[in-house]
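Coming up is one lone chain in structure tokens, specifically the form predicted on its own.
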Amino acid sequence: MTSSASSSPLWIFGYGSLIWRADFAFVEQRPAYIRDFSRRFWQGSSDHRGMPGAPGRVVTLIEDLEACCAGMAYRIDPKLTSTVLAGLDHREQGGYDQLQLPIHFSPTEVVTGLTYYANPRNSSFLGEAPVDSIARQIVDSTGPSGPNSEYVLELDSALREINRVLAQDTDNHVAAIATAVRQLLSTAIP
């Protein structure tokens, strides 16, 4: 944990909904990436994008050597660190832990920052499944934060822009899930 008494700024790395729905105060935001992790829809969400007994699926980080995961980095005012972390700890309480890691803005510009990831041992971890199964679960799930499909489509759209800015490849996992979700939504009976 970072102390609010620290004079150096805290950087938060968002790779899921924090990319497009940062509901905390920040001084600066920048497209960034982390290494050796992949983003996967392997975490259940019963508190935001699903309900107890019918969880939605949200992303977490999976260790994956040689992988690169794009996202958004937020610099936090040192005076607000405790408040921001308290809010994020509450928001990410559904199985997520803090992880300190290098955040890259370019191959030569790197800062140490913090992200939240769902440890595979947490009770809401759903794990790997076929793309069509994940997409079906997402389309069928809604929670207090809205439809699970909104989460996927917003994330896919935001990542396309971030990857363009960073000159990174498309996140194939997210793109495949988003394509399958769009297909299911387009064939749904009104």
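This is a predicted model, so every value here is computed, not measured. A residue's number is simply how far along the shown sequence it sits, counting from 1.
There is another form of this protein, the form predicted together with succinic acid, and it is not shown here; the text below is about that form.
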| query | finding |
| --- | --- |
| Whether Q29, Y33 and E109 all lie within 4.5 angstroms of succinic acid in the model of the complex by heavy atom | no |
| Contact of V59 with succinic acid in the model of the complex (heavy atom, 4.5 Å) | yes |
| 4.5 Å heavy atom contact, P9 and succinic acid in the model of the complex | no |
| In the model of the complex, A178 touching succinic acid (heavy atom, 4.5 Å) | no |
| In the model of the complex, V174 touching succinic acid (heavy atom, 4.5 Å) | no |
| Interface residues of 140-159 toward succinic acid, as seen in the model of the complex [heavy atoms, 4.5 Å] | Y151 |
